[in-house]
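One chain comes next, on its own, written as structure tokens: the form predicted on its own.
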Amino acid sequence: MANERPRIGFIGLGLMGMGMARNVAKAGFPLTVFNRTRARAEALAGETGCALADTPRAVAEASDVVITMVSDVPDVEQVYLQGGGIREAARPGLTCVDMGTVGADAARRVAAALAEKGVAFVDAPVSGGSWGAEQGTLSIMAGGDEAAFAACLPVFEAMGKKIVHCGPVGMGQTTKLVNQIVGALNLEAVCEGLRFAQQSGANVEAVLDAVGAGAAGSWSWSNLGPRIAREDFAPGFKIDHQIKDLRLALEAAESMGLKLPGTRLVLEHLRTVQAAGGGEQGTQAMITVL
């Protein structure tokens, strides 16, 4: 029937994907999931009653809209384009949405391959960390044609609070890299400011309270600052993943002749944490470099 909810497929139940898929199920969409580590898919099925699939292709066969949330460019290309992938089940009427951060070039390559089969594609990366994924409060930055975006909007509304159509395919990814550049530099400022406060002997809790209400306040200050103060480096977003995102941003910048020196500095700091074994920690662990 025309008013039935579309069948949703979800591939990638990691730090972000698990909460996102859970919210899709809670919103009442019929859901089929796949994850390379099957135990995570089984856990979600036990909680929500969603169906399990053995391959990305099987997810696509059972779905009207397929959402992918995987880590990097090779992962998204494998899920979509290689053996057992989504493209093998591609058909007119299917819509695919990648919500990871893989850069505009990768999004356009996947979109072109799917278009040959009559499949619509939307790149819709997100911001808000695992906390936003769990709470359904993500910011979603979407690229794709208007009709495909409109078809996906009810599903996006189950996962996010701020949903913006940023233009054609690739513009969601471009917007997300802007987000990562600004967020990374802001985190650098938070870390440097808090190290200054600590070294000065200031009451860090008072500093957090006072500065957060002024012109220097930000999401990172309010959300990551208190975690830094109590040395809580559990990941809402991992160092490893931020390194990947800034690498993509710098590659895109180089292709445009941009230098982005601040972004390079933050990437150097993050890689220092990673080299010391901190890649799985949250990005706020960058303060340990200082």
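Predicted, not measured: the structure shown is a model, and the values here were computed from it. Each residue number is its position in the shown sequence, starting from 1.
Unshown form predicted in complex with another copy of the chain; subsequent notes refer to it.
Screening 68-76, 84-92, 137-145, 114-122 for residues having heavy atoms within 4.5 Å of another copy of the chain in the predicted complex returns a single hit, 137-145. Put simply, of L177, A106, V155, V169 only one has a heavy atom within 4.5 Å of another copy of the chain in the predicted complex, and it is L177. Site annotation in the predicted complex: the residue of A253, A27, A45, I243 reaching within 4.5 Å of another copy of the chain with a heavy atom is A253. At a distance threshold of 4.5 angstroms between non-hydrogen atoms, G262 is in contact with another copy of the chain in the predicted complex. Contact annotation: S220 falls within 4.5 Å of another copy of the chain in the predicted complex, judged by heavy atom distances. Within this chain, L258 lines the site of another copy of the chain in the predicted complex, having a heavy atom no more than 4.5 Å away. The closest non-hydrogen atom of A210 lies within 4.5 Å of another copy of the chain in the predicted complex. Across the proposed site, A197, S200 and A216 without exception bring a heavy atom within 4.5 Å of another copy of the chain in the predicted complex.
With contact defined as any non-hydrogen atom lying within 4.5 angstroms of another copy of the chain in the predicted complex, the contacting residues in 179-195 are N179, I181, V182, G183, L185, N186, E188, A189, E192, G193, R195, given in sequence order.
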